[in-house]
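Same chain, two forms, each on its own as structure tokens: structure 1, then structure 2.
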Structure 1
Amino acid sequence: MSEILARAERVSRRYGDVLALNDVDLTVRAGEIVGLLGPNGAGKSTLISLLVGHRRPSAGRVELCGGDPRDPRYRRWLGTTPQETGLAATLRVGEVVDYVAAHFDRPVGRAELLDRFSLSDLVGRQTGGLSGGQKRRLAVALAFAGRPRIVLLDEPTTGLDVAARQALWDAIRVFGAEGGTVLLSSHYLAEVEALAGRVVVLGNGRVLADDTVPAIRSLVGVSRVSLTAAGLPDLPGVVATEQDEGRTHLLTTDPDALVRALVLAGTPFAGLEIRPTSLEEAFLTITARAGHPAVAAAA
């Protein structure tokens, strides 16, 4: 087994009365690209802020590159990005890169880094004047400035257009192919699917699942089949049923099989609708199956 670069052991984090992380375990090994998937408020950002040493866990232990991330020595191989595209607004793009690079032993050259993220034309611009997408590209470029071994990215593609997102994904893939380690959070299953080999699903501050991409897709790739019918036969693959104003909503992992079964059963129905569920709904399904009926009832 390869070296562990990031680890959380029974980590909890409170903000006042709110328990943002509840007894979380996570291990990221060298060379892995791990997706941290969860709806807003699941605790993804909190977990990343603990791993980069910005916050301290209320209980448990975090480790980065073999030590406490609050000690700067263990952040020498870490690459990360500012949140919310927040950069020093009056500094120029080249200056921001130089400032970050000055903290590392053998940083990537400024020209090379800017070229890799298609930022070369902007080197003399003040960051406050960049578009949202350009800021985001620069923010992500900063994560790679110090030739990191592990990169932690919190929602890296939020606010990016399709082309910029593709460019970022390519950069992450290249870094991964060169043996780099990545932990990235997202609330899009598609993004995690495109990049990660392993997915950790976080919901309400807990790890709900930690598995391969196909396994997670079968878990959270849930569709909602809605119809009006007097009564329904037993149908395959239904994970939850709701009644709402005369409509029946079925959550299922295989809508095709469900509809085939429905038609074959000869049951009269009307107003059939199938749509993919949001990740939030999928999480409620997972938590419900994990034996939390209260969560399902709240939906």
Structure 2
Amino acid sequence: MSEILARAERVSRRYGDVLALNDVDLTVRAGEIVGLLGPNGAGKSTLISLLVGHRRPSAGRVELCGGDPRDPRYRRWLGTTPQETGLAATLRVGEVVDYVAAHFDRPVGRAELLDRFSLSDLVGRQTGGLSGGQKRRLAVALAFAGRPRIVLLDEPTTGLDVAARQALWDAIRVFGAEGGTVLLSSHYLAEVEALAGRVVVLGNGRVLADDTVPAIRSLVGVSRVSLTAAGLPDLPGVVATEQDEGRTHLLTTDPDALVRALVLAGTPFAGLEIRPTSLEEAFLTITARAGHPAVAAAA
């Protein structure tokens, strides 16, 4: 078995009367890219803050690279980018990279790091003059400056356009291919599906699922039925319904029974498609079964 680089054991965290995490277990081993999914308030950012040592658990134990994440001896192997980052507005991009790199014994060279994250053309720009997306790319790049063993990323591509997001995905893939370890919290479910080998779903402060993407799809046992119809009767096994450009998309636990019910009801329809769920649809179904209120609004 690979070495464990991040671990939470029966971890709970309270903020006053609010229980943000409730008896959570999580293990991240060397060489894994693990996706952390969940709606707002699920506990994703709280869990990451515990693993990087910014907060202490109310109960349970957390480890980073075999020790206490609040101990600098273990944090030196960590790279991280929180949701909110502050960059000195008057420093140039190259100066920021040099400043961060100076804290490490064996940093990535400035040119290599900027090239990997498609930032080379910004090396002489002051960070105060960067766009929000450019600042975000720089903040993520800095997480990799010290050649970390494990990187914890909290919503790393928020505010990025498609091209910038793809560039970050490519950089994360390269890091993973070189044996790096990543715990990635994201609202972009396609992002986790594209990058992660394993997915952990949080809801109401608890782990609802922890497995591969195909296994989570299999776990929920839901198919997506798409069709065009003027109106639909009550149908069996439907857990969510969505309208999109004149088509109706139904998530159902029994697509065969749904189609039979359509035919028996004499409902006219066209363009019938049945396929397995995406990770997003699986996520909605898992959180719906756990009674998370965010799902009702999303569905």
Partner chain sequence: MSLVLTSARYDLLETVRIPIALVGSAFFPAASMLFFVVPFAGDEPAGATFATASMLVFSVMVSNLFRYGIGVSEERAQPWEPYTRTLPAGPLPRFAGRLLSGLVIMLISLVPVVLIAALLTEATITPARFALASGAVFVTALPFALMGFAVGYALPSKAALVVCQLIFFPLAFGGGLMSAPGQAPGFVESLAPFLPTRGAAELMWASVGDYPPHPVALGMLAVWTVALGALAVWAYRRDEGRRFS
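Note that the rigid core is defined as the largest set of C-alphas that superpose within 1.5 Å between two forms. Keep in mind the model is a prediction, meaning the values are calculated, not measured. Quick note, the numbers are simply positions in structure 1, starting from 1.
Assignment of forms: the chain in structure 1 is the form predicted in complex with its partner chain, the chain in structure 2 is not. Hinge location among E32, L219, A42, A139 for the rigid parts moving between the two structures, by C-alpha fit switching from one part to the other: L219. Two rigid parts account for the change between the two structures, and C-alpha superpositions put the rotation of the smaller relative to the larger at 69 degrees. At L227, the distance the Cα travels between the two structures is 11.2 Å after the core is superposed.
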